[in-house]
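Presented below, as structure tokens, is a lone chain in the form predicted on its own.
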């Protein structure tokens, strides 16, 4: 199939597949985690075959998400290192939200907001993995004192709440920035879109072309 000369490759098929694996496992983890979070959500256990199966599947789903997120981390960690330009971008974010992007510093493949989100997600994932190991009753919980398990349970719940809020913001931002979702669905973006939202990356991809 011929590539569209008016578009640029933003995400490879592997990157997109891994992203959607993270997204799907996140949704399943959020739903199954709510079962343990509050009795009002307990009926959600029926999506997983009952309370026992929900308790069994939740940590294994977490393992899948951790591995796929790890792939994402090692793929994007260098691209998400913060630079002075990114900090300047963040300082002007209020203007952009108000619809004025004239003073926004030129963003690379990822802008300052995306980079900040990336590192916040990394921090939450580390907390979820470490606390999840401690409270994984079938395999590891017996290795830790009860006080440590209780503390890890609180950390797990707080980190889960924060990461849920971050993902909701991520989805909202993707919808708000038109064509962002198309990039993760089809892998390509229009050159005009790239030039408007990620001009430094646009020049990198086109050799400085118009």
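None of the values given here were measured: they were computed from a predicted structure. Positions refer to the first chain, counted from 1.
Not on display, but discussed next: the form predicted in complex with a small molecule.
Proximity to the small molecule in the model of the complex, taken as heavy atoms within 4.5 Å, picks out 164-172 from the listed stretches 37-45, 50-58, 164-172, 148-156. In the model of the complex, the small molecule sits within 4.5 Å of a heavy atom belonging to residue 27. The small molecule is not drawn, but in the model of the complex it has a heavy atom within 4.5 Å of residue 125.
In the model of the complex, the small molecule sits beyond 4.5 Å of every heavy atom of residue 136. With a 4.5 Å cutoff on heavy atoms, residue 181 counts as touching the small molecule in the model of the complex.
A heavy atom within 4.5 Å of the small molecule in the model of the complex is found for exactly one of 90, 117, 96, 129: 117. The three residues 11, 22 and 110 all sit with a heavy atom within 4.5 Å of the small molecule in the model of the complex.
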